[in-house]
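As C-alpha cells, one chain now follows by itself in the form predicted alone.
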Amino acid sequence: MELDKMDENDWKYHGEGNKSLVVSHGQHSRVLRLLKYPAENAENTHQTAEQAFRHIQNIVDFNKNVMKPLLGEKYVHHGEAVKLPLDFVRQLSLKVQQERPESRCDKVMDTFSGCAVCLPNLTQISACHIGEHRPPLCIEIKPKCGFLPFSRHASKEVKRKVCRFCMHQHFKLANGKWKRMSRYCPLDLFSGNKQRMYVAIKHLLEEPQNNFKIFKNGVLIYSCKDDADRQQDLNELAQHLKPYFFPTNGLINGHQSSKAVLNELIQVIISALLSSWDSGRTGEPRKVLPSEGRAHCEASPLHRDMLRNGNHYLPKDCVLSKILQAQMLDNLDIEGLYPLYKRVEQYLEEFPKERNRLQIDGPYNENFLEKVKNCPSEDDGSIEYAVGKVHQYRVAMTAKDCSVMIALAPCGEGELLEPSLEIQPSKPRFTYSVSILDLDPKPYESIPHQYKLDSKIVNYYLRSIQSKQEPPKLNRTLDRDREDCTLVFHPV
C-alpha cells in the first residue's frame, strides 16, 4: 500500500468484534484492523500515537512469536503494524459508520493514532483460478472451548459435566445478550466424530449468534440477525450456495432442496476442519489425538447413544487439534489459576521493577514462548511458576476465543491440485485454505474479571437447572392433600 495515496473510497466495511473494526480493500486482497474505544470516553482514553503503535505491534508480535509456533505456520497470518494518514482514518470512520450494526455502535473507531494491523483478506483464496463466475466462499467459525475442566481445583462438579459455552448460554439469555438459545456444543465439534460434528455445525447454522458467518466474494451473506425468520434466512442462503454444490440441477425449490444444499455445505466444512496439511503428501496413516477428559457435555442435545458410542479422535495436525492443544494449556481452571495471579500481584507490589523481566505486558518474543512451553508441572512456590501458569492461561484464553476461516473456491474441470488441497474429488471440486485469526493477547488485568464471571455463570446455571427440575411447591401441597382428603358435610 502507498500510504500517501490512501483513499477511503477504496475500502469497505467488513465486520467488527468487541475490540476492533475491519475494512477490506476493493481490489487488493487486504484488510485493515483498527482498534475501537467506548464512545462515551473516547476523547479521554485515546493513547498517544506511540502507545497505540506499541499496542498494535504487541498484537502482531503475539501472533507471530507465540500463537504461530503453537498453532502452526500454515494457519496463522500475523500481519504487520502500519501507521495510516489521520485524514484517511477520519474519512474512513465517517464512511463505514452507516454500515455498522447498531449493537456495536457503543464503541467508536480509533481516529486519533492512525495505527492499524494490515492482513491478508482471509475470505479470499489465491490457490486456484476462479472460473465459471462462482466467487470464493468463506465460512468463519468461532469454535469456543472444546474440553471440560479436568483440574482438581474446579470446585463445582457441574463444570466437569457441562461445558462453559452451554452454561454461558443460560446466563446470556437471562441478561438479554441473545433472544434465542443456541443448541451448539463445542465438545461435539471438537469430538472428531463426523456425526457429532455434523449436528454441531447444523446448530451453528440454525442459531449463528457471533459464532458463525458466511462470506461470498468477501461480502457477508449469512450471520446472526435479531428477530429473523431463520428458515427463510436458510432458504436464501441455500439459493446463494446451490450453484456451488448442484451446478446443473435447475432451480432450487422447497425446504427439502434447501436441506440438501446445506447438507453439502456442512460435509465440506467437516472435511476442511479434519484435513491435515501432511495427510495427502505422505504414505503414513494419520496420527490421531484422543480428546482428554470427559468426552461429552451433558447439556448437548445429542442422543446419549451417539455420545457414548462415537469414536472421539482428531487428526493430529488438523486445525481443531491445534486449537484444542493450545486451549488445554489452561490445565488449572480459573479457580486454580486465580491464587497464582494473586501471588504475582503481591510480588509485583513488593518488586514493581520485576514486571518487565517477568514479561507481564510483553514483549511477546521467543523468551515469552519459552515461559509458556517450559513452565514446571508442579508448583514449587516460586514466582516463575506462578508467572508461567498465568502466561499459559492467557494463551489458552486466546485459543478459546479464536476464529477459524475456511475459504473455498470451485476448481475448473482440468485443474490439477495436490491431494491435500482438494476436498471431495468425486463431487464438485473445491480448493481450500484454513486459517486461524482473532489471536490477540488477553490482558493480564482481566483475570479477576474472568474469575468472577466464571462463578456467576456456574451459579446461574445451577439455579436455572434447579428451578426447572423442581415442581412448584403449591402442586406438591395439593398432591399431598389430595391423598388424605375426606369430605365432611355440615348441615346449614
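The first residue of the shown sequence is 1; numbering continues from there. Because the structure is a prediction, the values reported are computed rather than measured.
Heads up, the form predicted together with a small molecule isn't pictured, but that's what we're talking about next.
Visitor: Taking heavy atoms and a 4.5 Å cut-off, does N18 contact the small molecule in the predicted bound form?
Guide: Contact with the small molecule, yes.
Visitor: Going by a heavy atom distance of 4.5 Å, is N210 a contact of the small molecule in the predicted bound form?
Guide: N210 belongs to the contact set for the small molecule.
Visitor: Using heavy atoms and a 4.5 Å limit, would one call M397 a contact residue for the small molecule in the predicted bound form?
Guide: M397: yes, in contact with the small molecule in the predicted bound form.
Visitor: Verify the contact flag for R180: yes if a non-hydrogen atom of it lies within 4.5 Å of a non-hydrogen atom of the small molecule in the predicted bound form, no if not.
Guide: It does not: once the small molecule is placed as it appears in the predicted bound form, R180 has no heavy atom within 4.5 Å of it.
Visitor: Is every one of H168, K172 and L453 within 4.5 Å of the small molecule in the predicted bound form, counting heavy atoms?
Guide: Per the other structure, all of H168, K172 and L453 touch the small molecule.
Visitor: Work out which of R54, K64, K442, R429 lies within 4.5 Å of the small molecule in the predicted bound form, going by heavy atoms.
Guide: Selected option: K442.
Visitor: Can you pick the one in E206, D233, D401, D333 that has a heavy atom within 4.5 Å of the small molecule in the predicted bound form?
Guide: Flagged contact: D401.
Visitor: Among 172-180, 371-379, 150-158, 324-332, which stretch sits within 4.5 Å of the small molecule in the predicted bound form, heavy atoms only?
Guide: Selected range: 172-180.
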